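Only one chain is given next, in structure tokens, and it is the form predicted alone.
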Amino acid sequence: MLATGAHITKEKDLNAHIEGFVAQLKRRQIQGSYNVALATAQLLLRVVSAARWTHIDQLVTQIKILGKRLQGAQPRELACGNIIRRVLALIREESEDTNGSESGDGVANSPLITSMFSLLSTNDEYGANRLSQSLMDGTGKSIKKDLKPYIIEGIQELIDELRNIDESIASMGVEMIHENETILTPTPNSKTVLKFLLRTAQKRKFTVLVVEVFPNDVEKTHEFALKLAEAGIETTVITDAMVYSIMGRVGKVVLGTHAVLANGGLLASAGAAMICQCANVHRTPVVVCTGLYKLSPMYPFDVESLIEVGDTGKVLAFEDGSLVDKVNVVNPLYDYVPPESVDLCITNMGGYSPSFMYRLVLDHYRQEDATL
């Protein structure tokens, strides 16, 4: 009875924790792909640790129900769904490894076949035995050894990967940025780009042009530029209108992302698509710094559904009542950048062409988990 009471208490605490996390997503108290991904992974660690199941399909169903609920709380925060799918792929992989080793033992212990008649009879008997065993097991995926420690270990490794992702990407900066090169970045809200530039500045001398990204990220732009200047990097803040005139002096455009889609396209700060097109006209390389947790198996069939719209009062103040009634004002927070506008994606696993992103999707996610 005491054990049952303790289990009920843990379940109530877990449900309260899930409710609190869903409320934080809805209220935007947790913002940014990294913060959402890390919080989601930590929540899944608690869920798997407290979950009870008899075969792996029950655990997969529980995770999918939770994932659908989290995605419904904040549909445009793709990092949450990405972590859910990574954990589902991890669970399926552990289950397949266990079933594979068991089936391998069964094949090794089968009798040696010495004739054609024995081949036919043995196959029939082996198939019948295998079928009856599958029927006895129910789904054929019943657990014969405890997978929970292996799944928990895999989620913990995923959390460690998230915490070390920026360092892995920043270490590649020396190979990408040359001495006395001019770098332009239109994503001052990206911590990955900030660490990438600060780490590279330890061995390279270069100039950074930071686009103001009016009206959403003006304060973050100046904070970003101040951190670079304090590190000894020559930094200049420019307006969005100056990008085309100054692009001829730029050696590379370095972007941070909100999400990377399966076709190699990406969601970045508003204005990034225009800057990438400008860079393509001037034949300036566009380099994207992104962690694999931002890689989504979704395709941009409906781009407008992926782009979040912000406060229109930043574009046109509501004090101008006579003008507000006559115009339709939209303030998108993100832009969709097509894969043709990007030259290289730097991830924590190395640099890849945008056309290779679909392969990374196949390596990290399962097709059956594409829709939660």
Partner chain sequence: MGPKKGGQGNKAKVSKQPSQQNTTQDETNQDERLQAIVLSDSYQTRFQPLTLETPRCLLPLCNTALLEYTFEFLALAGVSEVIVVCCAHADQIQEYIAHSRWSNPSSPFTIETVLSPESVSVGDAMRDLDAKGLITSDFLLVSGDIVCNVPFDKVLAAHRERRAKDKNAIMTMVLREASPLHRTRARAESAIFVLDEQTNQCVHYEEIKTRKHMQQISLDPEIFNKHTDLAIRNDFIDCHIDICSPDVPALFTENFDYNHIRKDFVHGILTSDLLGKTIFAHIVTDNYAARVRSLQTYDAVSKDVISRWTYPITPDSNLLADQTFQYQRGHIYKEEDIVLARSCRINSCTVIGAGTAVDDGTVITGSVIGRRCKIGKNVSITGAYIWDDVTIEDDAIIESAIIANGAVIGASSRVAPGAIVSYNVKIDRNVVVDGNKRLTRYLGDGLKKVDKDAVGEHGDGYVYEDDSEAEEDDDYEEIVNSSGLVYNMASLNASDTSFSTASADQMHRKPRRRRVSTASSNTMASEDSDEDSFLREAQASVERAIAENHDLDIAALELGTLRMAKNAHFHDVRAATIAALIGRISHLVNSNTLKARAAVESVLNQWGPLFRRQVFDQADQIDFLLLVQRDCTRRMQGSSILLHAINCLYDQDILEEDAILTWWQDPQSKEDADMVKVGELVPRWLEWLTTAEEESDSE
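Positions refer to the first chain, counted from 1. Note that the rigid core is defined as the largest set of C-alphas that superpose within 1.5 Å between two forms. Given the structure is predicted, the values throughout are model-derived calculations rather than measurements.
The next section is about a form of this same protein that is not shown, the form predicted in complex with the partner chain.
Contact of Ala50 with the partner chain in the predicted complex (heavy atom, 4.5 Å): Contact check for Ala50: no, nothing within 4.5 Å of the partner chain in the predicted complex.
is_contact(Gly351, the partner chain) in the predicted complex, heavy atom dist at most 4.5 Å: Gly351: no contact with the partner chain in the predicted complex.
Interface membership of Asp363, the partner chain in the predicted complex, 4.5 Å heavy atom rule: Result no; Asp363 lies far from the partner chain in the predicted complex.
Lys26 within 4.5 Å of the partner chain in the predicted complex, heavy atoms: Because a heavy atom of Lys26 falls inside 4.5 Å of the partner chain in the predicted complex, the answer is yes.
Contact residue in the predicted complex, from Leu316, Leu344, Ile30, Ile65 (heavy atom within 4.5 Å of the partner chain): None of the other options qualify; the answer is Leu316.
Partner-contacting position among Leu333, Leu45, Val60, Ala39 - heavy atom within 4.5 Å of the partner chain in the predicted complex: Of the candidates Leu333, Leu45, Val60, Ala39, Leu333 is the one lying within 4.5 Å of the partner chain in the predicted complex.
Interface residues of 296-314 toward the partner chain, as seen in the predicted complex [heavy atoms, 4.5 Å]: Contacts from 296-314: Glu304, Glu308, Val309, Gly310, Asp311, Thr312, Gly313.
Residue shift check between this form and the one not shown, rigid core fit, Asn328 Cα at least 2 Å: Yes, because once the rigid core is superposed, the C-alpha of Asn328 moves 2 Å or more between this form and the one not shown.
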